[in-house]
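First, one chain by itself: the form predicted on its own, in structure tokens.
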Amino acid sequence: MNFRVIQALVMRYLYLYTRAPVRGIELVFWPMVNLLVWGYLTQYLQKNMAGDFPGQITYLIGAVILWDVLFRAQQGVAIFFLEDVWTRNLLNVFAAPVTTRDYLAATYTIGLLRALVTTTLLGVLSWVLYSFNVFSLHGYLLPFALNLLVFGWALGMISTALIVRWGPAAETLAWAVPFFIQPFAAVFFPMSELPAVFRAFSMALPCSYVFEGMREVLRSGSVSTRDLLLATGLNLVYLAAAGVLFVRVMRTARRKGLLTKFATQ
């Protein structure tokens, strides 16, 4: 792994934002819209519901912030690849002495940076507009965010591998893949509310345990160590499997010249 190559790839991606600042709108606009929609819905429900329900509604804001960590990490990997496609730079990158490890490390870094930007923005807005402090998750915030970050990287590699395998027509998978799992990921409601067949799928997703843990921390101030360990273990499995898939697909693409399809679109 060459850190100078990784740095060059990351800087090349960041320079795109300096040349076209409008690209930054996508990074901040949609997270803000998502938070505003769920935030004001939360305020409305708090004012019009009785019992313990209004207090529990704050889980929605926490879910929005944590989900964005996963989504931005996934986007960092998938959009990193698509930016090279859109700028007709893909063949230049893979013709250069860039190894798969270098490329993946650069995408992970971009995913981390994107997640940091949007999480910071949402954290500040949720505190200013809704008096929700994301640090109320205490010391659990870091393991929650790290688990979602790693799972986002895994989903990003899967998204990119599918796009490379099926060609430019599959570019929408860069946005679709995270939402395929969202209904089963216990983002806004507990796993117990899912039908049995979907619950089994939910239990196989590491992010489900993170969102369940988030609600438990906000409710009681603690979380099951078992759930955190399950999330971490599943993440390692998904990351390894996604890495194997990505490497094999890229090797096949280089051998068969599949990457040239993107250069001619």
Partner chain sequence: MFAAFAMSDSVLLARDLTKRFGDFAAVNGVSFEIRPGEILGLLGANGAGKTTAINMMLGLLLPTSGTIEIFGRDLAKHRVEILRRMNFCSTYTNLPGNLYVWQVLTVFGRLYEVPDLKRRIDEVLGLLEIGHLKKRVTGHLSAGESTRLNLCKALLNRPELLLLDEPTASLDPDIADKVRKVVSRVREESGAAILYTSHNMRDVEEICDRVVFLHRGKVLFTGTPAEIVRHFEEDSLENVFIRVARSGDVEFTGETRKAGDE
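Residue numbers count along the first chain shown, from 1. Owing to the predicted nature of the structure, the values given are computational and were not obtained by experimental measurement.
Keep in mind that the form predicted in complex with its partner chain is not shown, yet the notes after this line are about it.
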Answer range among 169-177, 129-137, 93-101, 111-119 for contact with its partner chain, defined in the predicted complex as heavy atoms within 4.5 Å: 93-101
Full three-residue contact with its partner chain in the predicted complex, heavy atom 4.5 Å, for 185, 215 and 219: no
At the 4.5 Å heavy atom threshold, is residue 192 in contact with its partner chain in the predicted complex? no
Answer yes if any heavy atom of residue 24 is within 4.5 Å of a heavy atom of its partner chain in the predicted complex; otherwise answer no. no
Tell me, yes or no, whether residue 11 is in contact with its partner chain in the predicted complex, where a contact means a heavy atom of each within 4.5 Å. yes
Contact test in the predicted complex: residue 16 vs its partner chain, heavy atoms, 4.5 Å: yes
Are there residues in 60-92 with a heavy atom within 4.5 Å of its partner chain in the predicted complex, and which are they, in order? 83, 87, 88, 89, 91, 92
